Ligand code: BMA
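First, one chain by itself: the form predicted alone, in structure tokens.
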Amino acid sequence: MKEVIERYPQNPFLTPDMIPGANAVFNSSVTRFGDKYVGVFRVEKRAGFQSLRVAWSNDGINRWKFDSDEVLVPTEEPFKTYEDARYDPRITKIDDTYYICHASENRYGCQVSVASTKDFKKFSKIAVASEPTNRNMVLFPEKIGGLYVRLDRPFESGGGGNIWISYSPDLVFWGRSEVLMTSRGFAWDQGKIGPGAPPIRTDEGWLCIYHGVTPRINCKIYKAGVALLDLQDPRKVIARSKEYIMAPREDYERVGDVPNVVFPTAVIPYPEKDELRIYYGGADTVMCLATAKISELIDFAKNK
């Protein structure tokens, strides 16, 4: 089967040496904002602490300019208790508001949090929106049946995990939770799986880029796959690729703080060009970019 993604030739487009005091920059989210691009980046400091930083670019690839201060720093309870470390942000725009979901590591485990902004200058924390232990929360870009919808990956005993779907009237209280997709034995995603980038709407269904783990005797290999969900009822999986769309291959994906990782966290569609940008973390160290045809990803999910 032909390759459906093309890596950006100048990958990685963002490295820690471009950010003063950074040990790594990875698993971050990028979106369009007016005629520019904005990102909320996971920047690991050399002291080992995680931080979330906002940066701006004219083209979403080059010359990222970082704001001086960290964002989404907790200042009041319950966030001070449940957001000791904040990382792996995902951005979803719904109407005129941008929502940022992120992992919240704390003394009790890991949870997921959601905040909002309209300008990436002022942020409002909404909720620590799960019990531990949970990661990889992404929101659908519109309400479905009058409710917000999310995908996430609760942990299971033994270190496994599947993709779940839940619904909420207010981004605080969540319910109607059920398993959406499970790991597959002896396949490339036989280990834990989790949502990658927020879903995008297509005529064929919600296009979802997700990550899956191939366990090996000496490591876990993080790869990316694609699935299609029903537009009206996203609990229904229309199609799911048998093969991965991307696996660690280049040095910047194989060598880093955590080797053998491609971890998709954002997508930007260009429907007029039938193109999708896929932003992903490489080896838990750098940020990378790939592109693909939306139509080819849909066909790949259908195993055509």
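Fair warning: this is a prediction, and the values are worked out from it, not measured in the lab. So that there is no doubt, residue numbering starts at 1 and follows the sequence shown.
Although it is not shown, the form predicted in complex with the named molecule is what the next lines describe.
Using a 4.5 Å cutoff between non-hydrogen atoms, Glu83 does not count as a contact of the named molecule in the predicted complex. A residue is said to contact a partner when one of its heavy atoms sits within 4.5 Å of a partner heavy atom; Val261 meets this definition for the named molecule in the predicted complex.
Put simply, Lys223 is far from the named molecule in the predicted complex: not one heavy atom of it is within 4.5 Å. When the named molecule is considered in the predicted complex, Asp189 lies well away from it, no heavy atom lying within 4.5 Å.
With the named molecule left out of view, the stretch that reaches within 4.5 Å of it through heavy atoms in the predicted complex is, among 269-277, 31-39, 61-69, 253-261, 253-261.
For the marked spot (Glu204, Ser241 and Lys302), a heavy atom within 4.5 Å of the named molecule in the predicted complex is absent from each of the three residues. Taking the named molecule as it sits in the predicted complex, the stretch 268-304 comes within 4.5 angstroms of it through a non-hydrogen atom at just one residue, Asp284.
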